[in-house]
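Below you will find one chain, with nothing else, as structure tokens; this is the form predicted on its own, and questions on how it binds or moves follow later.
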């Protein structure tokens, strides 16, 4: 057993066990396992948290992306600009609509490099899918300016960014998922707000899009008139998970504060360590990050991970060691289902550098200060 685990859902469950079990027991006693009460309340409160008008919960973040693309009318013959440094669902959901994913590079903050977008636009471009990675927003001011000027739809993959914000030029502060037409979140158990397994949700301010999303997540059926309007999958979130998430939402602001405290401890402890090339703290006071993951770039990454593993010190994660476009499914479908944003490109240089050096450290609100200090000292000892 590692001295410091990468995630520790058992601790969070133990801290709130009675409340979580009570909420789920109440659902089971009512026999209301699928819609409407708990799901509807959760969707309403989640939309309020994001400062959006509508929330439509699904069984995963991937499903939220799937129905968002469909509701936006993305399909065969279209192109959607996104990134390669992401979980492959960002790309796969585009490809599964029959559209083509167009991959652009990321910046040093792991997020879409907005300066690469315009060269990727073609007559077939219909949408941009920025991916807010590790709890930090893309430069949405730049993304939205391009989208508005070019007449493109924006669908946010905000799977890792619930609670992250950006201050706009007009002084307003906007939250992840509320810049574009639809924002999609993962509520996978290891996320900053996670359910008992897999879960997801989409938010939007557009009433007609919300209606489409709601129908598409449940076999295309309008549950009021009992007619079917789309051929669709069953992506519904059940009431038990909704009740579980409602309990956790009460503690979410407190958990975000704790994540930021831990991130600051890591920054102070690691910022002058020779061998640590980059910490996830960036000079841009417009953005407030939530540190869904604490991801650093290091020299001799594989040796460091082996050292931590061999000594059962701190459990870490390498996400991702291989650029997505090198995966077998991507090699087989190049040119058919995806292309590089720059037609002359054969790789994405920043994406490849990140894949070579990236490692994620333990990050969750139940970490103690002593555990964080231990992780820091162990990394220091390795580089000594």
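Numbering follows the first chain given and starts at 1. Keep in mind that what you see is a predicted model, and the values were worked out from it rather than measured.
There is also a form predicted in complex with a small molecule; it is not shown, and the following applies to it.
This chain appears without its partner; in the predicted bound form, the one residue of 340, 320, 325, 54 with a heavy atom within 4.5 Å of the small molecule is 320.
Though the small molecule is absent from this view, in the predicted bound form it lies within 4.5 Å of a heavy atom of just one residue from 106, 80, 131, 245, which is 131.
A residue is said to contact a partner when one of its heavy atoms sits within 4.5 Å of a partner heavy atom; residue 89 meets this definition for the small molecule in the predicted bound form. In the predicted bound form, the small molecule sits within 4.5 Å of a heavy atom of residue 188. Residue 239 falls outside the set of residues with a heavy atom inside 4.5 Å of the small molecule in the predicted bound form. Residue 60 belongs to the set of residues with a heavy atom inside 4.5 Å of the small molecule in the predicted bound form. Comment: 62-70 is the region of 342-350, 62-70, 42-50, 327-335 lying near the small molecule in the predicted bound form, near meaning a non-hydrogen atom within 4.5 Å.
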